[in-house]
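Here we start with a single chain on its own, the form predicted on its own, put down as structure tokens.
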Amino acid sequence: MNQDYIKPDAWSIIEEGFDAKRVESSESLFSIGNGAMGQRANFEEQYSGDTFQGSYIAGVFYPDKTKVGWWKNGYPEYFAKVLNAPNWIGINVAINEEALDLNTCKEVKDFVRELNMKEGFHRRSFVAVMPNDLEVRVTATRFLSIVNDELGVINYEVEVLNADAVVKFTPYLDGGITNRDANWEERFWQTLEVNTENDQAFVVSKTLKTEYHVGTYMQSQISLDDEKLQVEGEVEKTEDQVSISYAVKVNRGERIALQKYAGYVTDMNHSKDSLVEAAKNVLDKATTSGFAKLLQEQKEAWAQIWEMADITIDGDVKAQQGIRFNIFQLNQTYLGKDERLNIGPKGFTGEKYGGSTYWDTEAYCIPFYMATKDQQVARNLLTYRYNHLEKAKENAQKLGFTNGAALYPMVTMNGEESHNEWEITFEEIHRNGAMVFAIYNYVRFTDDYSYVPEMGLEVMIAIARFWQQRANFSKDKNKYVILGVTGPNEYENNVNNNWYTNYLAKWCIEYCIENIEKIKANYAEDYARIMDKTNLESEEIAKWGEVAENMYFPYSEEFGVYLQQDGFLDKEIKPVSTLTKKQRPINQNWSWDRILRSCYIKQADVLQGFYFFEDHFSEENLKKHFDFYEPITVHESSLSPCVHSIQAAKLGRMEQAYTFYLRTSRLDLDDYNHEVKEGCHITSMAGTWMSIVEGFGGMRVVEGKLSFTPQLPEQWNSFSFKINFRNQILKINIGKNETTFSVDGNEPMTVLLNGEAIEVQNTIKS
């Protein structure tokens, strides 16, 4: 049974009514971020019920020692923990010396929580009857500024409804926090300094091992019915915490509020010894502006993001809410300003999976950022991988590879492999192919070839070297094979000749050779530099070509399909429809042994290859493979429904495509996999965007032009979106009877609609 308490709304995520069993799920769903930091939607006031506390800083991590039963050569030494950072949101509230705690209140009424996606803030309001019978109305508004990404702001209002009372606010900073998912129950932070100055407070901490230095800071202001008050604060300090309490006597019905300005400054952007000074600068600007002005700036900044990134859907509120939630979370997680950062699988919504980047970035996220922002943002993501190339070579060397071969990590923060499951770490090597595909996809979309001679070819060469060494010649098959791998379907481990992996290996080598020739012919200086740097000679390239030309692909003559791996037909093939509801999801109800022996597929595997290389196969071929593999796919990866939605749309199966779209867009909102309390699935949200743009919009790049084969789900009246293609912004509106194009500026743009070339001036209808 999926959850269904989120109210349908086009622009907001709304929860009505307080239910302690939903708190942790809502903490994920209502998370906020600004690309540099983020936090789960924990209550500001104390809460004694079950809660998952989490505040996170982009790029700051801890190398938690890997916990395994026994060590293997080449095993990653640590698992990269996304760190729960010092807590700055806390505001303890007491009324007549009784602590406000929704878990202990006699009654909680009119509870409403809203994540306003249009304007970028979180708001929570309720009426509570406290144990001392005081009845209070609370409204708390919070946002993380995307104008100044070191700043967070809270406005916390209290109104006592049935008596005069003393309201005491105690805003605090807490550096003594831990991670829920620590392997060894150790602390990851050391507090270096706790101090106050007037109404300002500071906690300076550093991470153990990695030694990131972070300044957490706060300053508060008090107002009564919107008039500022001067209230003497009472300071308390411990080794890890600092608080400043403000007590005010208020009359019944008066509204007392605390504005808290707080956040993080880090040594990624400031010197270690100037963090307090940097924090003071942020506070001076914030308090001078005040809450109302800062919130207005936030609304204007989000309006600019939505102007380009929005997808509008007419006639289907749940579908509209779903896509906007996905777009909102992607922009909260990564804005493309800093090439040192990337898109973590949980973003700022939880700690699960660790690491700041997976192959999800290259396979799913780059198209979204490429089309909805300046192409430089996508180039930054590619540069991130180039900057980690030497670490990727080290990762391969640890496994026995030589001659500058590179294996990009499954999970990483700094280029080192930090994933701690052997069947993923050692075997899920298809991630290497996603690195190269992202370069190809970027060049295809932007027509910016300069990345390839500057950086990209070096990446391709190192990966081609890996594939050539990873394959071995089978005398029995008279072909090159790749043994002992895990494909995208992680419900099979240690298999031979995963079709997707073999196909990627062949393609990567051929694409690398093609680009070597292109750069040799057109970029002589770069060619000489790269050949010298890599010590690449023609004999080695010839070896690669032999492997690619003679790669083995398992195939079933009986079914007329490529097989996911050599032994796939040894399994009993039974459709997912034969499973009972009690067995789903199987990853929570079956033993791992049973899953591995079953035919069930976690996510697109062979079909992932058909998605990447759609133009290599006929539509009839896609149909045959889709009909074979989709019925045995359980879609228990967040990355699965979007690929299947796009392919179902390609095959004209719009009802099925729409069902998959709803699943990907509302994966977290409806908690399909019963795990949203651990955090949201951020990287798959880019796949949701693709399922509309590439699925229903049918957008492709064909011979350097945007091409569309639009189809409208029966449930929709129309939908529209914008694409930034080669520095021209195209708006597409798809209705029941017509498709409309318009282009910004005076330059015309030629697009293909159902295969026919159309020149778009300002507005063109078909």
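Since the structure is predicted, the reported quantities are computational estimates derived from the model, not experimental observations. Numbers follow the displayed sequence, beginning with 1.
Just so you know, the form predicted together with ligand BGC exists too; it's not on screen, but the next bit is about it.
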query	finding
Pose source in the predicted complex; superposed partner ligand BGC; site open or blocked by backbone or C-beta within 2.4 Å	open
Residue contact check: residue 353 to ligand BGC in the predicted complex, 4.5 Å heavy atom	yes
Close approach of residue 358 to ligand BGC in the predicted complex, 4.5 Å, heavy atom	yes
Exercise: residue 120 in contact with ligand BGC in the predicted complex, heavy atom 4.5 Å	no
Residue 170 within 4.5 Å of ligand BGC in the predicted complex, heavy atoms	no
Contact stretch among 551-559, 632-640, 648-656, 110-118 - heavy atom within 4.5 Å of ligand BGC in the predicted complex	632-640
Contact residue in the predicted complex, chosen from 602, 324, 379, 124 - any heavy atom within 4.5 Å of ligand BGC	602
Contact residue in the predicted complex, chosen from 216, 564, 432, 683 - any heavy atom within 4.5 Å of ligand BGC	683
Heavy atom distance at most 4.5 Å to ligand BGC in the predicted complex, all of 362, 409 and 460	no
Residues within 4.5 Å of ligand BGC in the predicted complex, restricted to 692-715 and counted by heavy atom	none
